[in-house]
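Coming up is one lone chain in structure tokens, specifically the form predicted on its own.
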Amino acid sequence: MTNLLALLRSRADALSKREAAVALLVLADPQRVLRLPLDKLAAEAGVSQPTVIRFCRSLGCDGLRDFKLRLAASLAGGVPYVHADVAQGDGALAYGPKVIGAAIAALHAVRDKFDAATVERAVELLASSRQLLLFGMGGSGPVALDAQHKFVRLDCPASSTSDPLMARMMVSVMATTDLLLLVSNTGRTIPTLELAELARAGGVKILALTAPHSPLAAAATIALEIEPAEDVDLYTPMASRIAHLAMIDVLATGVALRRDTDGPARLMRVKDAVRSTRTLDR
């Protein structure tokens, strides 16, 4: 049986715009797509339910059920979709250090290509913005959420979402003094690019954390470019996500150093606010 994910990648350019939105959702997180019913899958892709069915049939499937069965079969032999260095039959002693080593290598690559001037410009943009909206899909969603946690602690009003429809609504009411931070490992995700287009039309500045020379990098006001650590056509981003999280920490540190001297006191107030959610030491 033809690997469905490989078939999907090979036919991506031939899909309609709406079917491509479904394809991107599948490629971003195929395991999660297996758990989504038709209505939720359509809603998350931002398309109608009949579009999802047409998408499945364009790949030679009888419908969504058949599509999911073939997708599950593709993932069953899915070591290549987990990590480039991991081989079938590896035990924890083998695959553990490989995965950790890949993360370390990704961080070294970011450090070696660190563009201080661009980071300074990004920090200035973050520090001067009235509020932040952070958006990422698939594996980039948790990176955007982590950024929200970091910037809220620094007294920077911030919100994040991985829902493209909610993001469109939020962007539509943003002011020109606000900032949209987009996270995309490939820089080619259609809903993310459409969000950038909507923001630009409204005069909202865009900070992108994405791949070099990608469409998203070209659309951004400032792009922090990080080369994907994996072949994105074959592997789920793992080490790349670690690199993105590290860059968020860099940006948050820069903003903290740029803001007023009340920083330590502000962080203490944040800690006091959440202290009651923990059990007391005994």
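What you see is a predicted model, and the numbers here were worked out from it, not measured in a lab. C-alpha atoms forming the largest set that superposes within 1.5 Å between two forms make up the rigid core. The first residue of the shown sequence is 1; numbering continues from there.
Omitted here: the form predicted in complex with the DNA. The next part is about that form.
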I'd like to check something about residue 47: if you look in the model of the complex, is any of its heavy atoms closer than or equal to 4.5 Å to a heavy atom of the DNA?
yes
Quiz item: Applying a 4.5 Å heavy atom distance criterion, does residue 10 contact the DNA in the model of the complex?
Solution: no
Does the DNA come within 4.5 Å of any heavy atom of residue 250 in the model of the complex?
no
With a cut-off of 4.5 Å between heavy atoms, is residue 254 one of the residues that contacts the DNA in the model of the complex?
no
The one option of 218, 246, 43, 53 with any heavy atom within 4.5 Å of the DNA in the model of the complex is 53
Those residues of 53-72 with a non-hydrogen atom no more than 4.5 Å from the DNA in the model of the complex are 53, 54, 57, 63, 64, 65, 68
Notebook entry, point to check: Do you see a C-alpha shift of 2 Å or more at residue 62 between the shown form and the other one, with the core held fixed?
Noted result: yes
**Asked** Does residue 46 move its CA by 2 angstroms or more between the shown form and the other one when the core is aligned?
**Response** yes
| query | For residue 250, is the CA shift between the shown form and the other one at least 2 Å following rigid-core superposition? | reply | no
